[in-house]
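Heads up, what comes next is one protein chain in two forms, each shown on its own as C-alpha cells, labelled structure 1 and structure 2.
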Structure 1
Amino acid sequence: MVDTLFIGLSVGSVLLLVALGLAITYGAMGVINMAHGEMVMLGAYTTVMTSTWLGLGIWWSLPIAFVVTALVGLLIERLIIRRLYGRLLDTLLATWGVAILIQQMIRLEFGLSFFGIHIQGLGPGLQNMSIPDVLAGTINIFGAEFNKYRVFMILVCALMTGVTWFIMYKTSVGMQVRAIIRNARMAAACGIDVKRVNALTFAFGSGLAGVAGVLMAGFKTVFPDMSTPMVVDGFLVVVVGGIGSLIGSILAAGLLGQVNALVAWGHNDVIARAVVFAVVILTIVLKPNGLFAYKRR
C-alpha cells in the first residue's frame, strides 16, 4: 500500500508541474493552451538531445529544458496568443493547431527529412534517456524501500512549486499576475503592463511543462505523441483545484494522482481512469469553480 501511495505521489508531482503553468496562464490570460502538452514533449526531447549531442545528463537537462520551452512558449505568445486575447475558442483552436505543428515538426525532424538529413535523437522512432547511477535503485526511508528516481521527481516538483509560490507571492511580478487574474482591465488602469506580464507568465508556465518533460524522459519512452494525454490531465487538475489557485493545483494533483494509483492497484488502469473522471465530474457539480477558486470560470 505504501508503495502504491508513493507511486501516486510521484505521478501527481509531474502532473502538478504541468498543471501549475495551465492554472496561471488560464487564470491570468484566459487562454486554453492546447499546446501546453507539447512543451512537455519538447522538454523530454531536449533531455534526449542534451544527452546525445552534448553528453550531459539529466542534471543539466533540467535548466536547459526550462529555458528552451520557455523561449518556445514566449514565441507562441508573441506571434499567436497575443492577437487572440478575449477569444477563448479561437485560442483553443489556434493552440491545438500549434500542437499539431510541433508534433509533426519533431516527427519530420523540422522538415529536414525531405532533404535526406537525419538528426540523431529526433524523428518518429522511440527514444530513451538513461538516468545516472546515483538515481538508480532504491533508498531506505524509515524502513521502507522507495525508488530513488521517483524520490528525485518529488523533490524537483517540490522545488519548482516553491519557486512558483515565491514568484507569485513574494515578487512584484507575481503581484501583477495576481492583479491581472482578479481584473485585467483594472490592473492595466493601474499602470501594469498586461502584455509584458502575460508574456512572462506564458513563458514561465511553458518552462514548468518542460521540466515535467525532463522528469518523464527518465521513466517513459520519448516519442512525438507522448504528451497528448498530459494536457487533458493538466486541465483536470485546474478544474478541480480552481483557476489561478496554487494551493488548489497542489491539492488537486495529489488527490487525482492518489485516486488513480489506488484504484489501479485495486483494479486496473482503465477503471482508475474512469474513477478519476468521476471525481472531476463530481467536483464540477458540487463546486463549479473548483475546490479553491481564485476567480470564477
Structure 2
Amino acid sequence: MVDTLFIGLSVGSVLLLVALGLAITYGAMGVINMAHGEMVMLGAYTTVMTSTWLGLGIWWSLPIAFVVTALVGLLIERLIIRRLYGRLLDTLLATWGVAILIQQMIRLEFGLSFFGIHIQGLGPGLQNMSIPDVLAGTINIFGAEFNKYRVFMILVCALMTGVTWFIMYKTSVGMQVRAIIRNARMAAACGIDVKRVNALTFAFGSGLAGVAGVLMAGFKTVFPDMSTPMVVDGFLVVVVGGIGSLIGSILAAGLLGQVNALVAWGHNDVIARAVVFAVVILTIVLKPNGLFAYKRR
C-alpha cells in the first residue's frame, strides 16, 4: 500500500511540475498557453544538449534549462502574447502556432538540416539522456524500497512549488501578480506596471516548464512530440484546481495522481486513465470554476 501511495505522489508531482507554470500564466494572464508543453520539450532538449556538448550533468541542466526557457518565454511574450491580452481564443491559436514552430525548429535542427548539416542532439529522432548513478536504482526509506529518481522528482517539485509560493506571497512582485489576477485594470490604476509584471510572470512560468523538462528527460523519451500528452495533463490539473490558484493546483495534482495510482493498482492503467478523466469531468460539472477558484473582483 505504501508503494502505491508513493507512486500516486510521484505521478502527482509529475503533473504538478507541468501544471505549475501553466497555473501561473493561465491564471494570472488569462493566456491559454498551448506552447507550454514545448517549453517542457525545450527544457528536455537543453538537458540533452548540455550533456552532449558541454559534458554537464543533470544538476547543471536544472538552472541552465530554467534560464533558457525563461528567455524563450520572455521572447514569445514580447513578440506575440503582449499584443493579445484579453483575447483568450486568439492566444490559444497563436500559441498553438508557436508550439508547432518550436517543434519543427527542433526537428529541422533550426533549418540546418536543409543544408545537410546535422547537430548531434537535435533532429527528429529519439534522444538519450543519461542520468547519474546517484539517481538510478532504489533507496530504502522506513523499510520500503523507493525509486530514487522519483524521490528526486518529488523533492525538486516540492522545491519549485515552495519557491513559487514564496515569490507569489512573500515578495512585492508576487503581490503585484496577485493583484493583476484579481483585477488587472484596477492594479494598473494603482500604479502597477502590468506589462512588465506580465512579461516576468510569463518568463517565470516558462522557466518552471523548462525545469519540468529536465526531469522528464531522465524519465521519458526525449523527442520533438514528447510534450503533447503532458500539456493535456497540465491543463487537467489547472482546470480541476481552479484557475490562478496555487493551492488548488497542488491539491488537484495530488488528487489526480492518487486516483490514477489507486485505480491502476486495483484494476489497470487503461481504466485508471478513464477514471481520471471522469473525475475531471465531474469536477467541471459540479464546480465549473474548479476546486479553489480565485475570486475576481
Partner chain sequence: MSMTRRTMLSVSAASLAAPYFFTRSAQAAGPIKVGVLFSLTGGLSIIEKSLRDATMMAIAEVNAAGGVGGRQIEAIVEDGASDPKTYNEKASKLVIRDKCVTVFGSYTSASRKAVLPVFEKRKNLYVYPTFYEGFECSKNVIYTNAVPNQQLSNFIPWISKTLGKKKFFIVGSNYVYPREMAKVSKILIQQQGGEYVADEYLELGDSEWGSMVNKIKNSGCDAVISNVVGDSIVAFYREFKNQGLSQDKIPICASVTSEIEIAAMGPEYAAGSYSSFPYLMAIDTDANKSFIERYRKFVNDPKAVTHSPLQSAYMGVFLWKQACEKAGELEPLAIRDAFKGQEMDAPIGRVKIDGENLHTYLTPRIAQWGADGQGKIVDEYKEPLRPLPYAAYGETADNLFCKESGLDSSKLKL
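Residue indices: 1-based, along structure 1. Since this is a predicted model, take the numbers as computed values, not measurements. Rigid core here is just the name for the largest C-alpha set that superposes within 1.5 Å across the two forms.
Form assignment for the chain places structure 2 as the one matching the criterion, namely the form predicted in complex with its partner chain.
Annotation for Thr52: C-alpha shift under 2 angstroms between structures 1 and 2, rigid core superposed. After superposing the rigid core, the Cα of Val270 is displaced by 2 Å or more between structures 1 and 2.
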